[in-house]
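Below you'll find only one chain, the form predicted on its own, shown as C-alpha coordinates.
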Amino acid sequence: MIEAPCLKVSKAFGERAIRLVAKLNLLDRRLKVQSDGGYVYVPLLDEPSIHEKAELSNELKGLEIVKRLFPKRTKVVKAVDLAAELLPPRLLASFPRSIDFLGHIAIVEIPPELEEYKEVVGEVVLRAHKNVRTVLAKAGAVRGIYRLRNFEVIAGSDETETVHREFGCLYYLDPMRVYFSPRLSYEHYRVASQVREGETVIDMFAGVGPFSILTAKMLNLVRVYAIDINPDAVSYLKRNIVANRVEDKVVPILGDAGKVVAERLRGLADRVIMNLPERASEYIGAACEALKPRGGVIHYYEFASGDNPAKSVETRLKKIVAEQTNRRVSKVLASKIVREVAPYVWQIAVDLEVE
(Lines give C-alpha, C1' and ligand atoms only; values in the text may rest on other atoms or scores of the structure.)
Protein backbone atom coordinates (compact mmCIF):
# COMPACT_ATOMS: atom_id res chain seq x y z
CA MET A 1 0.00 0.00 0.00
CA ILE A 2 1.20 3.51 -0.84
CA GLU A 3 -0.05 6.77 0.69
CA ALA A 4 -0.79 9.42 -1.92
CA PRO A 5 -2.81 12.62 -2.34
CA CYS A 6 -6.09 11.99 -4.10
CA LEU A 7 -9.20 13.61 -5.46
CA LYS A 8 -12.33 12.67 -3.49
CA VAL A 9 -15.58 13.10 -5.45
CA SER A 10 -19.10 11.75 -5.47
CA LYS A 11 -19.48 8.53 -7.49
CA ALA A 12 -21.71 10.42 -9.93
CA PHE A 13 -18.62 12.39 -11.02
CA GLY A 14 -16.10 9.54 -10.85
CA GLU A 15 -15.68 8.96 -14.59
CA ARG A 16 -15.39 12.67 -15.30
CA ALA A 17 -12.87 13.13 -12.45
CA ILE A 18 -10.57 10.42 -13.81
CA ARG A 19 -10.63 11.95 -17.30
CA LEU A 20 -9.93 15.46 -15.99
CA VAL A 21 -7.07 14.34 -13.76
CA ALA A 22 -5.54 12.40 -16.65
CA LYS A 23 -5.91 15.45 -18.93
CA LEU A 24 -4.01 17.56 -16.37
CA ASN A 25 -1.28 14.86 -16.18
CA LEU A 26 -1.96 14.42 -12.46
CA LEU A 27 -3.20 10.81 -12.51
CA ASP A 28 -0.91 8.33 -10.73
CA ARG A 29 -1.34 5.33 -13.01
CA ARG A 30 0.70 3.08 -10.69
CA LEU A 31 -2.16 3.08 -8.17
CA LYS A 32 -5.73 1.77 -8.34
CA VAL A 33 -8.70 4.13 -8.21
CA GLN A 34 -10.69 3.31 -5.05
CA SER A 35 -14.32 3.69 -4.02
CA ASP A 36 -15.88 3.79 -0.57
CA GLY A 37 -19.58 4.34 0.08
CA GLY A 38 -20.75 7.15 -2.17
CA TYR A 39 -17.27 8.43 -3.09
CA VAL A 40 -14.49 7.73 -5.58
CA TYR A 41 -10.82 8.40 -4.76
CA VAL A 42 -8.54 9.20 -7.71
CA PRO A 43 -4.79 8.92 -6.90
CA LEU A 44 -2.66 11.94 -7.82
CA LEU A 45 1.03 12.29 -8.64
CA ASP A 46 1.16 15.50 -6.61
CA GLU A 47 -1.03 18.08 -4.91
CA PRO A 48 -2.81 20.15 -7.61
CA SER A 49 -1.64 23.71 -8.11
CA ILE A 50 -4.03 26.60 -7.46
CA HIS A 51 -4.86 26.81 -11.18
CA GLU A 52 -5.29 23.05 -11.51
CA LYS A 53 -7.58 22.94 -8.48
CA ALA A 54 -9.62 25.81 -9.93
CA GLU A 55 -10.10 23.90 -13.19
CA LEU A 56 -11.11 20.75 -11.32
CA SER A 57 -13.51 22.67 -9.06
CA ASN A 58 -15.12 24.27 -12.09
CA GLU A 59 -16.10 20.84 -13.46
CA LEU A 60 -16.64 18.74 -10.31
CA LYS A 61 -19.03 19.65 -7.52
CA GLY A 62 -17.94 19.11 -3.92
CA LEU A 63 -14.43 17.79 -4.62
CA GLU A 64 -11.88 17.39 -1.83
CA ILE A 65 -8.12 16.79 -1.90
CA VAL A 66 -7.26 14.22 0.78
CA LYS A 67 -4.61 11.59 1.49
CA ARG A 68 -5.32 7.86 1.33
CA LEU A 69 -3.60 4.48 1.14
CA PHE A 70 -3.78 2.90 -2.33
CA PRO A 71 -2.86 -0.59 -3.57
CA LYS A 72 -0.56 -0.80 -6.56
CA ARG A 73 -2.22 -1.44 -9.90
CA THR A 74 -1.60 -4.84 -11.44
CA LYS A 75 -0.13 -4.81 -14.91
CA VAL A 76 -2.81 -4.25 -17.56
CA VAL A 77 -2.76 -6.62 -20.52
CA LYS A 78 -3.74 -4.71 -23.64
CA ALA A 79 -5.70 -6.27 -26.49
CA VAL A 80 -3.10 -5.13 -29.02
CA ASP A 81 -0.37 -6.97 -27.08
CA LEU A 82 -2.40 -10.17 -27.22
CA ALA A 83 -3.05 -9.58 -30.91
CA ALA A 84 0.71 -9.46 -31.54
CA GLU A 85 0.81 -13.20 -30.87
CA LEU A 86 -1.89 -13.96 -33.46
CA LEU A 87 -1.72 -11.38 -36.25
CA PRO A 88 0.90 -10.94 -38.98
CA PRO A 89 3.27 -8.16 -37.83
CA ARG A 90 2.40 -5.99 -40.84
CA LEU A 91 -1.23 -5.77 -39.62
CA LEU A 92 -0.59 -4.74 -36.01
CA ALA A 93 -0.58 -1.05 -36.90
CA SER A 94 -4.18 -1.45 -38.10
CA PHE A 95 -5.46 -2.99 -34.86
CA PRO A 96 -8.36 -0.89 -33.46
CA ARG A 97 -7.04 1.44 -30.76
CA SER A 98 -10.45 2.87 -29.90
CA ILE A 99 -13.05 0.64 -28.24
CA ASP A 100 -16.47 1.78 -27.05
CA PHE A 101 -17.90 0.02 -24.00
CA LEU A 102 -21.63 -0.28 -23.33
CA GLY A 103 -22.23 -2.39 -20.25
CA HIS A 104 -20.93 -5.88 -21.08
CA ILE A 105 -20.52 -4.99 -24.78
CA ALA A 106 -17.35 -3.81 -26.57
CA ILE A 107 -17.77 -2.11 -29.95
CA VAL A 108 -14.90 -1.89 -32.45
CA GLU A 109 -14.43 -0.71 -36.00
CA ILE A 110 -12.64 -3.24 -38.20
CA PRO A 111 -10.49 -1.72 -40.99
CA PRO A 112 -10.66 -3.47 -44.39
CA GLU A 113 -7.18 -4.99 -44.01
CA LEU A 114 -8.29 -6.79 -40.82
CA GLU A 115 -11.62 -8.08 -42.16
CA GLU A 116 -10.45 -11.71 -42.43
CA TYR A 117 -9.04 -11.47 -38.88
CA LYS A 118 -12.10 -9.88 -37.23
CA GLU A 119 -12.76 -12.96 -35.06
CA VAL A 120 -9.17 -12.71 -33.79
CA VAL A 121 -9.78 -9.05 -32.90
CA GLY A 122 -12.93 -10.03 -31.05
CA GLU A 123 -11.28 -12.81 -29.07
CA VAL A 124 -8.34 -10.70 -27.89
CA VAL A 125 -10.74 -7.92 -26.81
CA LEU A 126 -12.63 -10.53 -24.76
CA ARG A 127 -9.39 -11.76 -23.18
CA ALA A 128 -8.11 -8.26 -22.37
CA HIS A 129 -11.35 -6.95 -20.86
CA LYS A 130 -12.78 -9.40 -18.35
CA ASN A 131 -16.08 -7.55 -17.93
CA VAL A 132 -16.83 -7.83 -21.67
CA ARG A 133 -19.04 -10.72 -22.78
CA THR A 134 -19.96 -9.59 -26.31
CA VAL A 135 -17.82 -7.92 -28.99
CA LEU A 136 -19.57 -6.12 -31.84
CA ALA A 137 -18.01 -4.84 -35.05
CA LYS A 138 -19.54 -1.82 -36.77
CA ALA A 139 -21.05 -2.92 -40.08
CA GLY A 140 -22.19 0.37 -41.56
CA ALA A 141 -22.95 3.99 -40.77
CA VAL A 142 -25.75 5.33 -38.58
CA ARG A 143 -28.81 5.49 -40.86
CA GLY A 144 -32.54 6.18 -41.00
CA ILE A 145 -34.95 8.12 -38.83
CA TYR A 146 -34.25 5.76 -35.91
CA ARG A 147 -30.47 6.43 -36.20
CA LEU A 148 -29.56 2.74 -36.14
CA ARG A 149 -26.26 1.13 -37.08
CA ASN A 150 -25.74 -2.44 -38.21
CA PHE A 151 -23.41 -4.53 -36.04
CA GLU A 152 -21.93 -7.99 -36.32
CA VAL A 153 -21.16 -10.18 -33.30
CA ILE A 154 -17.51 -11.21 -33.76
CA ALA A 155 -16.86 -12.81 -30.36
CA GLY A 156 -18.63 -13.91 -27.20
CA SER A 157 -22.34 -14.04 -26.49
CA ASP A 158 -25.09 -13.05 -28.93
CA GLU A 159 -26.84 -11.18 -26.10
CA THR A 160 -26.88 -7.51 -27.16
CA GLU A 161 -29.21 -6.09 -24.50
CA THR A 162 -27.12 -4.60 -21.72
CA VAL A 163 -27.10 -2.18 -18.79
CA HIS A 164 -24.79 0.81 -19.20
CA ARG A 165 -23.76 2.98 -16.25
CA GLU A 166 -22.94 6.66 -16.66
CA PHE A 167 -22.70 9.46 -14.05
CA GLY A 168 -24.61 7.39 -11.52
CA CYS A 169 -27.46 6.52 -13.92
CA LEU A 170 -28.46 3.11 -15.32
CA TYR A 171 -29.46 2.72 -18.97
CA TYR A 172 -31.00 -0.47 -20.31
CA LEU A 173 -30.44 -0.57 -24.07
CA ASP A 174 -29.69 -2.69 -27.12
CA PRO A 175 -27.37 -1.01 -29.67
CA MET A 176 -28.98 -3.14 -32.39
CA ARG A 177 -32.34 -1.43 -31.71
CA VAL A 178 -31.52 2.06 -30.38
CA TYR A 179 -28.89 4.78 -30.77
CA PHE A 180 -26.53 5.41 -27.87
CA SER A 181 -22.98 6.81 -27.87
CA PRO A 182 -20.80 6.51 -24.76
CA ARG A 183 -18.55 9.14 -26.36
CA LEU A 184 -21.18 11.74 -25.54
CA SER A 185 -21.10 11.08 -21.78
CA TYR A 186 -19.50 14.43 -20.99
CA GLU A 187 -22.05 16.25 -23.19
CA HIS A 188 -24.84 14.59 -21.23
CA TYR A 189 -23.29 15.93 -18.01
CA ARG A 190 -22.36 19.35 -19.46
CA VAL A 191 -25.91 20.08 -20.58
CA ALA A 192 -27.62 18.58 -17.51
CA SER A 193 -25.41 20.64 -15.20
CA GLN A 194 -26.69 23.89 -16.80
CA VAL A 195 -30.34 23.19 -16.01
CA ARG A 196 -31.69 25.10 -13.02
CA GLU A 197 -34.30 24.18 -10.41
CA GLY A 198 -37.85 24.88 -11.57
CA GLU A 199 -37.10 24.66 -15.31
CA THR A 200 -39.08 22.78 -17.93
CA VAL A 201 -36.89 20.95 -20.45
CA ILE A 202 -37.87 19.42 -23.79
CA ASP A 203 -35.47 16.74 -25.06
CA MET A 204 -36.56 16.50 -28.70
CA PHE A 205 -34.55 13.40 -29.64
CA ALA A 206 -34.23 11.66 -26.29
CA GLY A 207 -33.32 8.08 -27.25
CA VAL A 208 -33.10 5.93 -24.11
CA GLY A 209 -32.80 9.05 -21.95
CA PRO A 210 -29.16 10.01 -21.23
CA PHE A 211 -29.83 13.78 -21.25
CA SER A 212 -33.31 13.59 -19.73
CA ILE A 213 -32.64 11.12 -16.93
CA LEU A 214 -29.34 12.65 -15.79
CA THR A 215 -31.02 16.07 -15.68
CA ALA A 216 -33.83 14.66 -13.54
CA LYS A 217 -31.36 12.88 -11.22
CA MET A 218 -29.35 16.06 -10.65
CA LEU A 219 -32.29 18.31 -9.75
CA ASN A 220 -35.20 18.20 -7.32
CA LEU A 221 -37.66 20.47 -9.15
CA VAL A 222 -37.55 19.91 -12.89
CA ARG A 223 -39.92 18.69 -15.61
CA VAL A 224 -38.45 16.95 -18.65
CA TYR A 225 -40.47 15.97 -21.72
CA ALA A 226 -38.46 13.23 -23.46
CA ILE A 227 -39.50 12.63 -27.08
CA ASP A 228 -38.35 9.98 -29.55
CA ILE A 229 -39.76 8.56 -32.78
CA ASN A 230 -38.26 5.07 -32.28
CA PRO A 231 -40.71 2.81 -30.37
CA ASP A 232 -37.85 0.64 -29.08
CA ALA A 233 -36.04 3.71 -27.75
CA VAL A 234 -39.17 4.90 -25.94
CA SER A 235 -39.70 1.42 -24.51
CA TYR A 236 -36.19 1.48 -23.03
CA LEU A 237 -36.68 5.11 -21.99
CA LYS A 238 -39.71 4.14 -19.91
CA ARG A 239 -37.77 1.28 -18.35
CA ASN A 240 -34.84 3.59 -17.54
CA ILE A 241 -37.12 6.22 -15.99
CA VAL A 242 -38.33 3.59 -13.52
CA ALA A 243 -34.84 2.14 -12.94
CA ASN A 244 -33.51 5.60 -12.04
CA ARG A 245 -36.57 6.57 -9.97
CA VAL A 246 -37.43 9.74 -11.89
CA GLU A 247 -41.03 8.86 -12.79
CA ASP A 248 -42.27 12.13 -11.27
CA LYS A 249 -39.90 14.27 -13.35
CA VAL A 250 -39.55 12.72 -16.84
CA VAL A 251 -42.47 12.34 -19.26
CA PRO A 252 -41.73 9.89 -22.13
CA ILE A 253 -43.45 10.64 -25.46
CA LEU A 254 -43.43 8.54 -28.64
CA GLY A 255 -43.62 10.55 -31.84
CA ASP A 256 -42.01 12.98 -34.24
CA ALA A 257 -40.64 15.89 -32.19
CA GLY A 258 -41.99 18.55 -34.54
CA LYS A 259 -45.53 17.20 -34.38
CA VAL A 260 -45.40 16.56 -30.63
CA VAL A 261 -44.31 20.14 -29.94
CA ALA A 262 -47.02 21.58 -32.22
CA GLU A 263 -49.77 19.45 -30.67
CA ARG A 264 -48.80 19.32 -26.99
CA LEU A 265 -45.77 21.35 -25.91
CA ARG A 266 -45.91 24.83 -27.48
CA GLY A 267 -44.53 27.58 -25.28
CA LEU A 268 -43.64 25.34 -22.33
CA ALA A 269 -39.85 25.05 -22.34
CA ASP A 270 -37.14 27.02 -20.62
CA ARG A 271 -34.61 24.81 -22.42
CA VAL A 272 -34.63 22.55 -25.51
CA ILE A 273 -32.08 19.81 -26.28
CA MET A 274 -31.56 18.96 -29.97
CA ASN A 275 -29.17 16.01 -30.23
CA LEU A 276 -29.93 14.92 -33.80
CA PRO A 277 -26.86 16.22 -35.65
CA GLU A 278 -27.88 14.78 -39.02
CA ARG A 279 -31.20 16.64 -39.17
CA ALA A 280 -31.49 19.06 -36.25
CA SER A 281 -31.56 22.10 -38.58
CA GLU A 282 -34.96 20.89 -39.88
CA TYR A 283 -36.42 21.23 -36.37
CA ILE A 284 -35.19 24.70 -35.38
CA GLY A 285 -38.66 26.14 -35.98
CA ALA A 286 -40.20 23.53 -33.68
CA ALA A 287 -37.55 24.18 -31.01
CA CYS A 288 -38.28 27.91 -31.05
CA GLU A 289 -42.02 27.15 -30.90
CA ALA A 290 -41.40 24.98 -27.83
CA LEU A 291 -39.73 27.82 -25.89
CA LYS A 292 -41.71 30.01 -23.52
CA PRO A 293 -42.84 33.39 -24.93
CA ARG A 294 -40.00 35.15 -23.11
CA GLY A 295 -37.45 32.79 -24.71
CA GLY A 296 -34.95 30.28 -23.40
CA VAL A 297 -31.92 28.17 -24.24
CA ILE A 298 -31.39 25.71 -27.10
CA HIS A 299 -28.63 23.08 -26.97
CA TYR A 300 -28.02 22.27 -30.63
CA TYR A 301 -25.86 19.63 -32.34
CA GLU A 302 -24.80 19.36 -35.98
CA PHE A 303 -22.15 17.69 -38.15
CA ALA A 304 -19.95 20.20 -39.96
CA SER A 305 -16.65 20.52 -41.80
CA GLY A 306 -14.41 23.35 -43.04
CA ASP A 307 -11.75 25.54 -41.48
CA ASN A 308 -13.92 26.83 -38.63
CA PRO A 309 -16.90 24.45 -38.37
CA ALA A 310 -18.19 25.73 -35.02
CA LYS A 311 -18.33 29.31 -36.29
CA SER A 312 -20.07 28.30 -39.50
CA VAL A 313 -22.76 26.43 -37.52
CA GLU A 314 -23.26 29.48 -35.27
CA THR A 315 -23.71 31.78 -38.26
CA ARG A 316 -26.17 29.47 -40.02
CA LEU A 317 -28.21 28.97 -36.85
CA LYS A 318 -28.62 32.70 -36.29
CA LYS A 319 -29.76 33.10 -39.89
CA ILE A 320 -32.30 30.25 -39.72
CA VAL A 321 -33.77 31.51 -36.44
CA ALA A 322 -34.09 35.05 -37.80
CA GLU A 323 -35.56 34.06 -41.18
CA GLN A 324 -37.82 31.14 -40.24
CA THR A 325 -39.16 32.03 -36.79
CA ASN A 326 -40.43 35.04 -34.85
CA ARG A 327 -37.41 34.75 -32.53
CA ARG A 328 -33.84 35.95 -32.57
CA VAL A 329 -30.57 34.68 -31.08
CA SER A 330 -29.59 37.11 -28.33
CA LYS A 331 -26.39 35.31 -27.33
CA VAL A 332 -24.22 32.33 -28.21
CA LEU A 333 -23.52 30.86 -24.78
CA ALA A 334 -21.05 28.20 -25.97
CA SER A 335 -19.75 26.76 -29.21
CA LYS A 336 -17.40 23.77 -29.41
CA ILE A 337 -16.21 20.74 -31.31
CA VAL A 338 -17.48 17.64 -29.50
CA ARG A 339 -15.67 14.96 -31.50
CA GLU A 340 -14.44 14.02 -34.97
CA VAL A 341 -16.92 11.64 -36.63
CA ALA A 342 -15.11 11.19 -39.97
CA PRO A 343 -11.97 12.65 -41.57
CA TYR A 344 -12.40 16.44 -41.40
CA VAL A 345 -16.01 16.16 -40.19
CA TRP A 346 -16.88 17.12 -36.62
CA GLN A 347 -19.88 17.04 -34.32
CA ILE A 348 -20.48 20.61 -33.18
CA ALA A 349 -22.35 21.72 -30.06
CA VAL A 350 -23.82 25.24 -29.90
CA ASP A 351 -25.74 26.60 -26.91
CA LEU A 352 -28.01 29.50 -27.89
CA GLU A 353 -29.96 32.02 -25.85
CA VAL A 354 -33.08 32.80 -27.87
CA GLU A 355 -35.50 35.70 -27.26
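No experiment lies behind these values; they were computed from the predicted model shown. Heads up: residue numbers just count along the shown sequence, starting at 1.
One more form of this protein exists, namely the form predicted in complex with a small molecule; it is left out here, but the text below deals with it.
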Quiz item: Thinking of the small molecule in the predicted complex, which stretch from 140-148, 121-129, 262-270, 86-94 has heavy atoms inside 4.5 Å of it?
Solution: 140-148
Quiz item: Taking heavy atoms and a 4.5 Å cut-off, does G198 contact the small molecule in the predicted complex?
Solution: no
Quiz item: If you check in the predicted complex, is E159 within 4.5 Å of the small molecule, heavy atoms only?
Solution: no
Quiz item: With the cut-off set at 4.5 Å between non-hydrogen atoms, does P277 touch the small molecule in the predicted complex?
Solution: yes
Quiz item: How about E113: is it within 4.5 Å of the small molecule in the predicted complex, going by heavy atoms?
Solution: no
Quiz item: Using a 4.5 Å cut on heavy atoms, which of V135, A79, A257, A192 is close to the small molecule in the predicted complex?
Solution: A257
Quiz prompt | Listed residue (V246, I229, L219, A155) with a non-hydrogen atom within 4.5 angstroms of the small molecule in the predicted complex | solution = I229
Quiz item: Does every residue of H188, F205 and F211 put a non-hydrogen atom within 4.5 angstroms of the small molecule in the predicted complex?
Solution: yes
